[in-house]
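First comes one chain, alone, set out as C-alpha cells in the form predicted alone.
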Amino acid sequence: MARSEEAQAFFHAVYSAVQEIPHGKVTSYGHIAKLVGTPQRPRQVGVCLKHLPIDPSARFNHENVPWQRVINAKGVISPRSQPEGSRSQATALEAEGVIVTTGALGELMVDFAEYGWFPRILPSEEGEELESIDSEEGESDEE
C-alpha cells in the first residue's frame, strides 16, 4: 500500500532517529516520538518499526535501523503477536551487552537507569541548534 507524503516523512524521521540510538542503549517509543516532533504519537513509532522492511536493499531495513533498541515507557519489551518476537528483541539487545531481566509476570525488562538513552535533541541536530543559538545571539549583539 502506498504511503502519503506525510506518512513517508514520518517513517523516515522515525527510522533516522532510531539509527542514532547508541549501541548498548535503549529508549522508548514515546521518546522517539518526542525527538521527531510528534510527542503525541508513540504508538505510530511502534507501527513504523513493525513495518520496517526486512529487504536489505531498502533504504531503511532491519540491518541498518536498530529497532531492538526501542521499548515501552515502562522499560518493558512490548509483547508481540508472536511470543518469539519479544524474545528475539531481547536476544538482539543481549548481543549488545544489555541485560534483559524477567519481571514477575514474565515480561522482559531493561533498566532505563543503566541502559536508557534520552537526549533532549537528536545528536545529529545538536550542530543545527548551536548554529541557531549563535545566529540569535549575533542578532541581539548588533542591537
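For every residue, the number given is its place in the sequence shown, counted from 1. Predicted model, so just to flag it, every value in this text is computed and none were measured.
There is also a form predicted in complex with the DNA; it is not shown, and the following applies to it.
Asker: Residue 49 near the DNA in the predicted bound form, any heavy atom under 4.5 Å?
Answerer: Answer yes; at least one heavy atom of residue 49 falls within 4.5 Å of the DNA in the predicted bound form.
Asker: Can residue 115 be called a contact residue for the DNA in the predicted bound form at 4.5 Å between heavy atoms?
Answerer: Although the DNA is absent here, residue 115 would stay clear of it in the predicted bound form, with no heavy atoms inside 4.5 Å.
Asker: Although the partner isn't part of this model, could you tell me whether residue 40 comes within 4.5 Å of the DNA in the predicted bound form, counting any heavy atom of the residue?
Answerer: Yes, residue 40 sits close enough to the DNA in the predicted bound form that at least one of its heavy atoms falls within 4.5 Å.
Asker: Going by a heavy atom distance of 4.5 Å, is residue 87 a contact of the DNA in the predicted bound form?
Answerer: Residue-level check for residue 87: no, no contact with the DNA.
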